[in-house]
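Below, in structure tokens: the form predicted alone, a single chain.
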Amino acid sequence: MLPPGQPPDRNPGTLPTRERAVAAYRWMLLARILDDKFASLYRGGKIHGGVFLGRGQEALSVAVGLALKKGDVFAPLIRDAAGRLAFGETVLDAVRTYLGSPLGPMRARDGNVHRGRPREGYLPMISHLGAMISVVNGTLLARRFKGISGTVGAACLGEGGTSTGAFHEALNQAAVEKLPLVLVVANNHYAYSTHESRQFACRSLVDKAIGYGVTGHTVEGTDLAACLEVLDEAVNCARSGGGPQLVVAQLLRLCGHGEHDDAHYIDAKLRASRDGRDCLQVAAEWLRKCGWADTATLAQWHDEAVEKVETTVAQVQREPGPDPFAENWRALATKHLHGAYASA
């Protein structure tokens, strides 16, 4: 286990394969371009509600999504676009939700990040972030009662969420029940605009793992290779019966809390630190050094991602908007008129 902020001294034999590294980078890139498009649409008055970008947290996010398997449970954070995509969310689902299309997974009943497909293990986010841990715990306990084994549940939150009572109660429950929970904390130093010095007094959030009797891991959240390695280790430990795993990543969100926030409160020294690096640029440089991608290939991937996002947005903008008078106001677990489950 590494102290926060210290770059990992990895054995070359443990590094991810080329295919896995390339897939991770391309999900990160797609998430960044999709986020940038949402920000543009928000500024143009095309999106109502909030837009919350994952800029600077894509490496950690994608590592969570890739570490999980079909049948696992994923409760993402508001900045987890990369992890959502890697776990199986489509760009179409994301765009339909943000633009309020009734054809989306939430049937236009929510306007941004509270989307999911629970039947596939992809849980819609609760804005009271600590509350998501207990939802994952409940899902894992239900599977245990049904005799289902070998699955893992991952819940993501920021460091501010660790100050909540829900965090304490849920992590304590997971530890007592020895649930295969992986709790991933993105320590981006600010809970909205409240600096971490006003949130907790321990040396590092990973120290809390000892108090709950769970295994702790730290990782430099701007380093894609390190994130892939540590998240794989944590998920494998949970899956093999090792009980809950607490992963704390050091990084910085490279934007405001949302597009409505100019982030003027973020310390300039922090922006200039290792935590303030752009993980997408760090990942691109890693691929170049490994000989897994050159500048032309990176540019091609960028253009392909832009085309995918632009094509999807254009498609959704042509779709009819919601009609509250024609809406069949049933629970989302019921069938569409066309017979498909909205949450399936």
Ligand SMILES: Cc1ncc(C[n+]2csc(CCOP(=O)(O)OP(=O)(O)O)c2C)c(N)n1
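The numbering used is simple: start at 1 and walk along the sequence shown. Since we're looking at a predicted model, the values are computed, not measured.
There is another form of the same protein, the form predicted in complex with the named molecule; it is not shown, and what comes next is about it.
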Worksheet item: Since the chain is shown here on its own, which stretch among 141 to 149, 189 to 197, 213 to 221, 68 to 76 would lie within 4.5 Å of the named molecule in the model of the complex, judged by heavy atoms?
Response: 189 to 197
Worksheet item: Does the 4.5 Å heavy atom contact test between Val235 and the named molecule in the model of the complex come out positive?
Response: no
Worksheet entry | Heavy atom of Asn172 within 4.5 Å of the named molecule in the model of the complex | no
Worksheet item: Should His257 be counted as a contact of the named molecule in the model of the complex, where contact means heavy atoms within 4.5 Å?
Response: yes
Worksheet item: Though only this chain appears here, would Val206 touch the named molecule in the model of the complex if you measure heavy atom gaps against 4.5 Å?
Response: no
Worksheet, complete the sentence: Heavy atom within 4.5 Å of the named molecule in the model of the complex, from candidates Ser127, Ser273, Thr90, Ser240, belongs to Ser127
Discussion item. Can you pick out, from Gly161, Gly100, Gly121, Pro105, the residue that has a heavy atom within 4.5 Å of the named molecule in the model of the complex?
Written reply: Gly161
